[in-house]
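The data below hold one chain only, encoded as structure tokens and taken in the form predicted on its own.
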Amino acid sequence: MIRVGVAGLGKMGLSHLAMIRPHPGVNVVGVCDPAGYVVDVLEKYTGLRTFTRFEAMLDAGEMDAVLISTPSRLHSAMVRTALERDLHVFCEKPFVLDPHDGEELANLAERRGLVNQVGYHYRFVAAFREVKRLLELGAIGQVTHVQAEAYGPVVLKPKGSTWRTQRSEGGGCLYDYAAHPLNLVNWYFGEPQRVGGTAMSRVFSRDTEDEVYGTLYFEDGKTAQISVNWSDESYRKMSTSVKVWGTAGRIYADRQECQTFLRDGAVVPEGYRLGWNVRYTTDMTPPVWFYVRGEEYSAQLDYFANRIAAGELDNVNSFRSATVTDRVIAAMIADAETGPRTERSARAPIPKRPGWMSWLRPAAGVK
């Protein structure tokens, strides 16, 4: 049995605890949160051993791994503490706020031979995994453009100040929601060469952004546009989608399905045909032992536990891969703060091309 401690008992921490506790290969040996009333209730009704300090939990019981679901600002120090005690670590997203810390932690985990994973759960959604498979097969030819979006009714009125409303704490639309489509783009295509045109606007929030828009530029010429708004009441719940255009077709995917259009001359994967194809998440997803919120949440924890049990360090959601997303986020923040680099003045002359107004001049001999 893998002995696990859970740190942070907010929304995600409680979800992780609910899923990992009944896992057949895991024994939860301790939980911690600074809110005394939360741990008191858990101890009373579950019998779990509880703590209000992370170090106290690590000192008190022998464990093999920790799940860290605390505010993002605390991730770096807590992950380092766990790694230095030779514990495998699952950390919620975003990984860290300073990409330099991410590189150091990735190096430390690799040197110590520890399984390390970050909670970008969309990589465990079958429809998004199918996109990855199709791209690796070259099904739609050379990719030219990507559009990654996320919209939903998360912030619909001014809210009081919490860590989720402050960018310095790891809150806001960019860290909390745009990180997901960004991470999918990084999974599919790696790290962009540069970013541009980033706009981060407020709708209701006072201290951080509610909308994020921008463009990623890749070395081979492809581009990716990011469009995220968590103050969009036209959506019943948060919805993430990806569209990929290529020389031989197009792919669209969201949590429910993967739609693929293949042109003549496309490399047609087994089970596909030219024209439109649809694959549903429900048909492509293996069952999980315990379902809360979505099978992808259980699947990522099962994957983490299985990596530890097998001693396999390779991870689809490693610290190193998450640090790529952290660097893109940092680049987008810097780009938005710089602002537009080109301003068109109303007085600026419009460049003329030879013959561009020839249609205004009458032909020879015509009056």
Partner chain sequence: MDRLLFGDNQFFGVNHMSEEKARAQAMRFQNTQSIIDVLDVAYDEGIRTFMCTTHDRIAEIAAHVRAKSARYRDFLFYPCMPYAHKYANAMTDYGMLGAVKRFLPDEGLLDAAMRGGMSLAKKDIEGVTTLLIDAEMKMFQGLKTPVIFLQNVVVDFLLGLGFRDAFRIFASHVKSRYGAEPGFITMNLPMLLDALDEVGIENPIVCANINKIGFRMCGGIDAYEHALRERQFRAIAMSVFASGAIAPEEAIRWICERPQIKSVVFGASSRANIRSTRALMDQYSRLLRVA
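Positions refer to the first chain, counted from 1. Being a predicted model, the structure only gives us computed values, none of them experimental.
The discussion below concerns the form predicted together with its partner chain, not included here.
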item	value
Option touching its partner chain, based on a heavy atom within 4.5 Å in the model of the complex, out of W245, F290, W187, F218	F290
Selected contact from E211, E169, D254, E191, since only one has a non-hydrogen atom within 4.5 angstroms of its partner chain in the model of the complex	D254
Among 324 to 332, 300 to 308, 42 to 50, 62 to 70, the region lying within 4.5 Å of its partner chain in the model of the complex by heavy atom distance	42 to 50
Partner contact for L58 in the model of the complex: its partner chain, 4.5 angstroms, heavy atom	no
Distance check, P22 to its partner chain in the model of the complex, heavy atom within 4.5 Å	yes
Distance check, K237 to its partner chain in the model of the complex, heavy atom within 4.5 Å	yes
Close approach of F204 to its partner chain in the model of the complex, 4.5 Å, heavy atom	no
Contact set, 4 to 29 vs its partner chain in the model of the complex - heavy atom within 4.5 angstroms	G10, K11, L14, S15, L17, A18, R21, P22
